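Below, in structure tokens: the form predicted on its own, a single chain.
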Amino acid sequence: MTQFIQLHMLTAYPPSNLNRDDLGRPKTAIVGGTERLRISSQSLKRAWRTSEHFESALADFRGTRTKRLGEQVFEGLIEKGVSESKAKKWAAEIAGVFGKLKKDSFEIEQLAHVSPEERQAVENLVDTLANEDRAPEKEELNLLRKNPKAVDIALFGRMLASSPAYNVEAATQVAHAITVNQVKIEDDFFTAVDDLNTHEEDAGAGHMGDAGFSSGIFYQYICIDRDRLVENLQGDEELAQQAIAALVEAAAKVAPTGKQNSFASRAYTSYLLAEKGSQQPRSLSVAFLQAVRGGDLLGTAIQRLEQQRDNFDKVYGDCADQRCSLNAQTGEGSLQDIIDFVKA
């Protein structure tokens, strides 16, 4: 039976703009007929996989998502003495393995997630071509690897439109985080002063602008298919455990970097419920279909989440085999307990 690990988190952010839309305003969603703040799953995953928690624990097993692999190959060939015309042609052939290229360029049209072993294969090929001053042969361009040993690719998946045989099915599903409370987007009108303006002729501001912001308590849901993760990592159980531990710590501590210099809205999660079992996973977002109101938003949100968990158990039977939680409002549990629980 497939082993699922489910994480339910409540994180309170002060005024902030963590994840912006095309107009630069905080992303929102209508839930239960009221407007809520939203942080996209793409933004969250980017923040987690580039966090120091992933860097310190999994640096040798992190992939690189880029359109510019060809540019790096070109520069490597030039540095090794290959002529510019040959370097351009060979770089385009190598980069083209990872996706369709832009016209008359060696830039890949879409971001390609490249594993460490694939990058090493590219670097080895660059060395060979430069040393032997020749173009790559067809067999040498077999640079893609099935189920590459990269934890971020194993966790969040990979899609290569031009080479679907090398796609990787994600082992982790991440919901967009939404606030449990109704929000109103406010605007911060601000000015900046020119330090060298003596105000003799013009006492006006050197710059004026405005920035949208809001605050709230976000519900975040993550579901990890542990069996698929191990399979994606070529059966490496220990690496899978390290990946899960790094993901849990990053999800509990790391937020997107949007407007952090202006709002310093860094926050740790205040409540985290971890569940393990082979039962069909389910989010607890329905607990917040009706927006939370009142003075103790966090306390009420925790009560609603736990009540919804218990009610699902009553009508469907136990929805998980084991559970572990932390509550920073009451000081109960710990992140280390959660990490030990999900790794076991």
Partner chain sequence: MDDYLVFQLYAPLAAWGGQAVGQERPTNDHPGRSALLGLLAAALGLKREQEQAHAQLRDACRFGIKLFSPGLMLRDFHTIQVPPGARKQQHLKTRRDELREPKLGTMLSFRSYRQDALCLVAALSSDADYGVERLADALLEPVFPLYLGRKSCPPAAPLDPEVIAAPDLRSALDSYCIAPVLARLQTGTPRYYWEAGMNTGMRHDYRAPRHDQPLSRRRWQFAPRDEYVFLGGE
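For the two forms, the rigid core is made up of the largest set of C-alpha atoms that agree within 1.5 Å on superposition. Numbering follows the first chain given and starts at 1. Being a predicted model, the structure only gives us computed values, none of them experimental.
Keep in mind that the form predicted in complex with its partner chain is missing from the display, and what follows is about it.
All of E75, E123 and P256 with a heavy atom within 4.5 Å of its partner chain in the predicted bound form: No, the candidate spot makes no contact with its partner chain.
Proximity of T191 to its partner chain in the predicted bound form, heavy atoms at 4.5 Å: T191: no contact with its partner chain in the predicted bound form.
Non-hydrogen atom contact F341 with its partner chain in the predicted bound form at 4.5 angstroms: No, F341 is distant from the partner.
4.5 Å heavy atom contact, E52 to its partner chain in the predicted bound form: Looking in the predicted bound form, residue contacts with its partner chain include E52, since a heavy atom lies within 4.5 Å.
Close approach of S41 to its partner chain in the predicted bound form, 4.5 Å, heavy atom: Judged by the heavy-atom cut-off of 4.5 Å, S41 is in contact with its partner chain in the predicted bound form.
Stretch in contact in the predicted bound form with its partner chain, which is absent here, among 202-210, 157-165, 260-268, 75-83 (heavy atoms within 4.5 Å): In the other structure, the partner sits against 157-165.
Listed residue that, although its partner chain is not shown, lies within 4.5 Å of it in the predicted bound form (heavy atoms), from T64, T28, Q307, T300: Contact with its partner chain in the predicted bound form is made by T28 alone.
Interface residues of 279-293 toward its partner chain, as seen in the predicted bound form [heavy atoms, 4.5 Å]: In sequence order, Q279, Q280, P281, R282, S283, S285, V286, L289, Q290 come within 4.5 Å of the partner.
Residue shift check between the shown form and the other one, rigid core fit, N142 Cα at least 2 Å: N142: C-alpha displaced by 2 Å or more between the shown form and the other one.
Exceeds or equals 2 Å, Cα of A267 between the shown form and the other one, core fit: Superposed on the core, A267 moves its C-alpha less than 2 Å between the shown form and the other one.
Is_shifted E109 between the shown form and the other one (CA, 2 Å cut-off, rigid core): Moves: yes, 2 Å or greater.
Closer or farther in the predicted bound form, the Cα atoms of Q241 and N147, when the shift from this form is 3 Å or more: Q241 and N147 sit closer together in the predicted bound form.
Pair A171/E118, Cα separation in the predicted bound form versus the displayed form, closer or farther by 3 angstroms or more: They are farther apart; the C-alpha distance rises by 3 Å or more in the predicted bound form.
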